[in-house]
Every structure is written in structure tokens, then in C-alpha cells.
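Given next are two forms of a protein chain, the same chain in both, each as C-alpha cells and marked structure 1 or structure 2.
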Structure 1
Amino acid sequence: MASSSPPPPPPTLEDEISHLQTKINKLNSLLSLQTSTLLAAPSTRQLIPASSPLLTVSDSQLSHNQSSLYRSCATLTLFRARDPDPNAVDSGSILGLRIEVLSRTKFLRPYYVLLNRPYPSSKHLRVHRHTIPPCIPLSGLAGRYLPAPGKGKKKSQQDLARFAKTLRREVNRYHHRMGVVADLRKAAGLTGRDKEERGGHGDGDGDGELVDISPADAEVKTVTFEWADGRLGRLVMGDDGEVLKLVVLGGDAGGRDRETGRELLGGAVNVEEVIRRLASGA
């Protein structure tokens, strides 16, 4: 007679608290989304008095909606230009790609990619000049979507539309992550205050106070948290700001501080939820 496997252990109190916190965060996100949608509706705006603070919230949501629409439809344009170099290939003809970025309600300086046709027997395009940040994998995208012409019977197809759309997405993701770090600093009360100025004696609780939040890599996919007592945390986020991993080191035993990590994360699945927790003092 085969022995039955022992039943799984019951969930601990910490597991139940973490599960409930995750559900609370999801419900708060849903409530925020529904509230913003209702306040931006034209029928709702007609019912809001002119002196009500809700009108300011409604105006902010409308501005956000318009910015999102612009980012989706009008931030990628093509233009023709001419290289003034008399020895330029293809008689100096240039096809330009302009990428505009809206970050933190402001339009940044556009990015440009200039393409030319250096191949004498082919109309294939090649990246000639660009102003894309080095951390964006431009060469990899060009190799994938704008390959050089094949030799002999081997022909390569280029897809300029997919190259442009993918490059725009990567640039927007990069600036989104930059904005996330800025929002984390603001939520933690670090905006405009250097680590040396704070020195662990700010408005927090002494040695348990966050004194610095900064990117740890050029792609801004890893964020470093530093506390006044010497603890260090590393948060790894995905392309769109989702939390992939969080580790805090430097607890009482000098190893991994799981309690501080749980307090900082609180069941959040994206960095925006961590920002709200820091802003609310959770």
C-alpha cells in the first residue's frame, strides 16, 4: 500500500499579509483608473463646479490623455535632407527619421537618425548619422530590420517601418525608466537634496532613512537604494517598469535584509506601486 504524501504546510501569517497587500494594491490601481476615466468624461466635467478641486484633477487627466494620443500618433516623422559634402554617396540624398519624446509633461529635444544609400547596385538604406543615446541598441535594430544587401542569389529585405517603430519604443522605454527613478527620488523626499546634505539626519527615522536613489546602469534598468545605516538595495525592472527583482543587503547579520525588502516592495508588481508606497510613507 503506497503511503500518501503529507499535506502541504498551511500558509504563514506573512504569506497571508503579502497576499492581501497584493490584492489591495491591485484594487487601488483599479480604483485610480476608474476615477481618472470618470473625471475626464465630458458628461462628468459638465457636472463639476468651476471652483471644485476635482476640476483640476479632470484637467490633468485630459492633458495626460492628449499627451498619450500624441505619443501614439505624432512622435515619429520622416523627412528628406541633403548632405552638403560634395563627395557624399547617392548625391548627398538623406532620409531623416525624427523621434519626439514626451517625458514628465515636457517635450524633450528630438532624436534624429539619418539614413543614406551607399550601395551602388541596391536601394538598401544604412544608418549614416544619429543622436540616439548609446544605451539604446541601435546597431542591433539596424542589423535586424535594415540588413545590408545580400550577395549573389541571397537577397535581404529591409523593413523601415518596423525599424522606426521599434526604435521609438526603445527610446520611450528608456525615458520612462528615467522618469521612474526621478519619481522614486521625489516620493522619498530626495529631490533637490544631495546625499551629503542629508547625511541620515533628514525627516526620516535616523539610520533607517533613505539617503539616495539612483540608476546603477546606463540603461536605467537597475536602481540602487542607499540607507543612512549603510544598507544597499538593488531593484531590477523590466523594459516597461515592472519589478523583476529586489535585493537589500546589509542587515544585522551583514547579509540579505529580507524584511526591509518586503517593506519597500509590499507586494508591488511594478515600480509605480513602489512610488506610491514611498509617497504615502507605507
Structure 2
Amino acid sequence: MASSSPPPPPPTLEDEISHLQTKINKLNSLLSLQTSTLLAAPSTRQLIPASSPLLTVSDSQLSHNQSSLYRSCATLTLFRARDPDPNAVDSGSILGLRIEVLSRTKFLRPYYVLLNRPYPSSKHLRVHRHTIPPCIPLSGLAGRYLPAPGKGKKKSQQDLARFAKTLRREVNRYHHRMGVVADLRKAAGLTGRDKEERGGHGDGDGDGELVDISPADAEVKTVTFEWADGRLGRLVMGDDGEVLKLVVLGGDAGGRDRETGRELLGGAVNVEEVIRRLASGA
């Protein structure tokens, strides 16, 4: 078809094919989106006859919508899974815990904790597999809220709800702390584009400028500030984002530089206030 009227810059056949391919993909995804919307609509359900196989598809679509709703609103959901290992305990039954994390207006891949029941004489759960990063003290939480069944009279109680709640809070706090560090960088003009702009209008605008802000430990509770003249600051964040400690070292005299520390903090007790100060200052 295309060969009948060759345009001036002749597009190669490969270009055309890839272009059409992306178009097909786009239309396909649009089609499936429309299908899912139509299938879940109450008016469509009334039209589907009871004997139609469409009804089962519609049912599964509805249940998917409901679970999505719970996932996005409650952000802590349970599901069932199966262990493919033929020797798995409890015939491979797995209880999954799904923790959603919302970061920068997007849902990240959820974190999973998969629990099973390995104890022959009790219904106690145990963490079987998980995808929680090691900077979150999962083992400590499991030790506190999901202890192994005690021997004899010493019975131990498990509290799955508290375990899940605390874990979810820890995961969210971790992501918030990471977000805070990103915001600090942004407020100080250290993100990619801002930096280039600043580099454009002169390098020599003072040694008092921040050149780097980065997390200094695994839990992102400590943040390192670096100034152009070699001063180095450490800020320790609390669980709720409060500033616990701040120290700045270096400067002209060497040793501790309380002046810069005060300047950076300006009476702020919360990291968000530091971000606001940095943003207004820059």
C-alpha cells in the first residue's frame, strides 16, 4: 500500500512496521481497558443473560475491582498462595501479606510477606518468604508479634494484626524518609536539572553552598550534608521526621561549626521545616 505513493523522505519498512506495532499495542491496551470497564458496569451486567460465559468473566472482573479498591485504600491486604515445593509444610498453604507503598504519586511494587504454619501441633504462623528490604527490622517484629509456640505451660500468643500494622508503618516510614531526602535535595537545588542551571550562571557564588545531601545509613535515618568548602554535616531523624541531632564539622577553624548548624536548622524541629527553609533560602 505504502509503495504506491513514496513520500519525499522515504521511511524504511522497519520504521513503518514498528510504528504500526506500537499502534496495535496501544489499541490493544485501550481495548482491554474498555472491556474491563464495560464488564464491571452494572448496566452491562443486567444485559448479560444468566447462562452466558461472559457472566463468569464479569464476576472475576468485579472481584478484581473490589480487591484493587481494598489494596489502594487499605494498603494492607491478605491473599492465599501455594508453595510449589512438594514437601512444603501444611500442604503448601501460604498466607500472603501485601503492603502497598505510595511514593511520588505512584504505587510501587507491593512488599510481600508470605507466612506458613510449620509447627505440627499449633496454628502459629511463621514468616516463610518475604520481599521486605533488610533495612526494615522484620526479624525483630516477627520475634515480637509472631513468636514460635512455647513449650509446655509457656504458651505464646501471636498477633498477626499488630505485626502487619507495625510492619506497614515501618515500611511507610522508610519510604517517607527517602522522600524527605529527595525533597531536601530538591529544595537545595541538587537535582539534575537545577544543578545544571546553577552551573550555568557561575561557579564562584560562594563556598557556603550545599553540594550534596545523601542518606548516610541503611535506614535513611542519618542524612549527610556536604558544603562546597568541605564542611560536613550529619542530621539524625526520628521516627516521625523530627530532628534529633545535627552536627556540622569543618569550616575555617576546624572542629565543630555551630554557626552553620544553627543557620541550617534555624530553630526547626522537623525535617519538613528544614526543607521549607532550604527552599525559601535558595
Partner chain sequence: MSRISVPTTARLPSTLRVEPSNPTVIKILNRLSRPSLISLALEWLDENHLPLAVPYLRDDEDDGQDENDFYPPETSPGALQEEYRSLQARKGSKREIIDRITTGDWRHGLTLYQLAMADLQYLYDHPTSQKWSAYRIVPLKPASDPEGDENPQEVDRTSLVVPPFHPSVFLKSLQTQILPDIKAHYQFDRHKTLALMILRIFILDSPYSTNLSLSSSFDSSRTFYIAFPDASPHVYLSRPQTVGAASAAASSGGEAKSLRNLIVEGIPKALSRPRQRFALTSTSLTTRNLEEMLERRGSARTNSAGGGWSVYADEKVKESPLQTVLPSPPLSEDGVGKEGGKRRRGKEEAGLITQAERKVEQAMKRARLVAKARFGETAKVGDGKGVERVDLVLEDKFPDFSDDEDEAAGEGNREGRLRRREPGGPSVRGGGVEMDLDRMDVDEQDDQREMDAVGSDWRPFVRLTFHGSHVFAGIRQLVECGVIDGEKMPGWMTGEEGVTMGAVRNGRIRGHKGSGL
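All values reported here derive from a predicted model rather than from experimental measurement. Counting starts at 1 and follows the sequence of structure 1. In this text, the rigid core denotes the largest set of C-alpha atoms whose superposition between the two forms falls within 1.5 Å.
- Of the two forms shown, the form predicted together with its partner chain is structure 2.
- After superposition on the rigid core, the Cα atom of residue 270 is displaced by less than 2 Å between structures 1 and 2.
- Once both forms are fitted on their rigid core, the CA atom of residue 236 lies less than 2 Å apart between structures 1 and 2.
- Once both forms are overlaid on the rigid core, the distance between the two CA positions of residue 223 between structures 1 and 2 is under 2 angstroms.
- Core-based superposition between structures 1 and 2 puts the Cα shift at residue 53 at 50.2 Å.
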